[in-house]
Structure formats: structure tokens, C-alpha cells
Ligand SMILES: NC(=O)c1ccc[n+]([C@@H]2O[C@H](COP(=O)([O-])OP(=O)(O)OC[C@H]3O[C@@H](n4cnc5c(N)ncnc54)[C@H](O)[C@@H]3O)[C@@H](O)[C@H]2O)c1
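Shown below, as C-alpha cells, is a lone chain in the form predicted alone; questions about how it binds or moves come after it.
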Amino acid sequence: MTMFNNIYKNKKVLVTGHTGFKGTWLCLWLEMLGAKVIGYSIDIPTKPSLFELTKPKCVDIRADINDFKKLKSVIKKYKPEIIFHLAAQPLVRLSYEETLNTFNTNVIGTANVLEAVKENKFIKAVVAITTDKVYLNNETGKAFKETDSLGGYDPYSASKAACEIIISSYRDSFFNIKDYGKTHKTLIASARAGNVIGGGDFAKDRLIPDFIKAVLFAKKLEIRSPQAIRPWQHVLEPISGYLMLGANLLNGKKQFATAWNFGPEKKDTKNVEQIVRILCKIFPGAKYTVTKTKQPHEAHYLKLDISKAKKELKWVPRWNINTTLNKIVDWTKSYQQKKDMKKVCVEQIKEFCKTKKC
């Protein structure tokens, strides 16, 4: 656990969206690093939930990211030195049904966080989490770089691309890197992760949770877009990147106050059916079929170029796709056996930290 040089020990850290799948894993890791975590989230997003199964040690605040007055009062009260902003409506398909809520939560919510930061000078760093879907995707099949054009066909992707523009605007207008140490002492970065998977994800309309549910209830999985390519990665991969990025910002390294991709190596960028076939080998007897029902539009090819993170941040993936899927299976079996899931998560974090870089 020395990979962050004790930078988070006793640090006050605000995590928005702390009750979500990714937010819970982040809180557990921060707890292990000795941070004093303040969580801010509107509710528990799923039943069951990883947050309720593991109960990370944190100040647990339930409030809406769109309630600017409440958000500002929490920040003023607890005075975090760094914010990891994860609160969002995170599902593409749901964004077609809850379009206005998606834009309000993702776009205005992000602006609220940054406006609160602007009004509280003690915050040293912000890592704002967006998505790999922020890029203008013309289905060329090429891997996106951080400098590629932003865009979004579906409301979710559009909302997250808008978040990136807002983050860039606040950084340029109020937290310009050129003025760091002169007129302000805050560094802001954004992080664009690939398709994150791992134990404890109980969300709807996500491939791995749907597969696990099908196995648990002895049903046949119905998949859509079997040839759709995604940058699959274990949840600990991008979280390690967020923590590395945050550590550099806390240390005043202003060159890291930019946008970053966190994704898998090229060989682990698989299509949906390839992932399902690997899982069927791990779970003998599992079956799947391809739906014939017309589906809302989703990108077909989605790949990330992670060369910037590898070269400049010295971050690289640690678990390949086979290891990742096996870790999910291990987690699921522990859950079935009603084990202490916090201990299971902590052990997986420790294993991840000990794994040699790929």
C-alpha cells in the first residue's frame, strides 16, 4: 500500500457518489490508505448494494448533487483537501428514459461541485470522473486520445462530454495552470475510464451483472450488440489511476491538471460476445442468446489510447481480462457463501497492489 507514498494518510477526502459501485471501491481503498473520507450521495443506487455489504468507514451524507446550498455547506464544514467527483447518472440506456435527470445530475451537478470549489480556497485538488464515451464517435475503430473531439449521440454521452467542457472552462477561467501558486492553489483533472467491471456491481442493463444474475437464477442471458467492442477493465484499474492522479495534484504537480484516459491494454479490448464466452467457460452450464428486439443506439467501436497515462503518469493496467473475470467470479462465489464482503474487497485491493505491472 506504499504506491501513493502515504499522501492520503489523515487527508480529508470528499467522494461524491460514494454509495455507488465505483465510489464504494474508492472509499474502501481510501480507508486502507488512512484517509478521512466524507461521502456525498443522494441514495443507495441498487438493491443489494456494495456500499451496504461493505460499509466503508466514512461520513455518510445523503444529499442531491444538484442541491448547491447543501453541497457548499458540507464542503465548508468538513474542509476536504481533495474531491473525487463520481456522482452521476451512469447508464446509457437509462439516459433515454430519464433524459432531463441525466443532464441535471451530470452537467449541473459537475458545475455545482466546481463552483463550490471556486468559493472555498482550501481545496487543493479535484479529480472529476467522466467516461470513455465523451468522444465524438464516428465508428472508425481507432482508439481515442485525450486530444480528440468531444461529442455524444445518446444523452448520457452528451452529458459527459458537456462535463468535460465545463471542467475545462472552470480550469481555464478560475484555476488556470499558469496562475497556480499566484492567484489560486487548486489543480483540477478529469479522468475518462473504460467499461468498468468488478465484484459488487448490481446495476441494471450492464453485461457482467446481468450475466451473474442469470447464473445465480439458472436463466439464459440475453445479450444485445454481441459484436460491440468495449475497453473492459477491473474497477481497481481506473481507481488506481484516480488515486495516482490525485496524489500528483496534491503534491502541486500542475502538469497533471488535464484530461486522462484509463483503459485496458489493446489485447484486452474485446467485444461483448467474447466476454460472455470467457465467462461461460468459467461457469460451465451458463447459456446465452442474442436478443432480436430493437435496441436504443449505443456506440459499436469504443477503444481508448492510454499511452499518455502510461508515459507521463507511469500508470499501467495490472490485471488482464482473464484475471479480471476470474476475480469477479471469486467475489461472486464469496457473496454466495455469505462471507464478509468488506474483507473480500480489501483482499482483492491488496492482491491488486502486489501484482506486477503488465
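Quick note: we count residues from 1 along the sequence shown, nothing fancier. Because the structure is predicted, anything quoted here is derived from the model rather than measured.
Absent from the display: the form predicted in complex with the named molecule. The rest refers to it.
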Counting any heavy atom within 4.5 Å as contact, can you tell me which stretch out of 316-324, 52-60, 38-46, 285-293 lines the named molecule in the predicted bound form? 38-46
Please check if residue 270 has a heavy atom lying within 4.5 Å of any heavy atom of the named molecule in the predicted bound form. no
The named molecule contact in the predicted bound form: residue 102, any heavy atom under 4.5 Å: no
Does residue 152 reach the named molecule in the predicted bound form, with heavy atoms at most 4.5 Å apart? no
Does the named molecule come within 4.5 Å of any heavy atom of residue 194 in the predicted bound form? yes
If you check 65, 328, 26, 309 against the named molecule in the predicted bound form, which one has a heavy atom within 4.5 Å? 65
Near the named molecule in the predicted bound form, with a heavy atom at 4.5 Å or closer, the residues from 146-179 are 156, 160
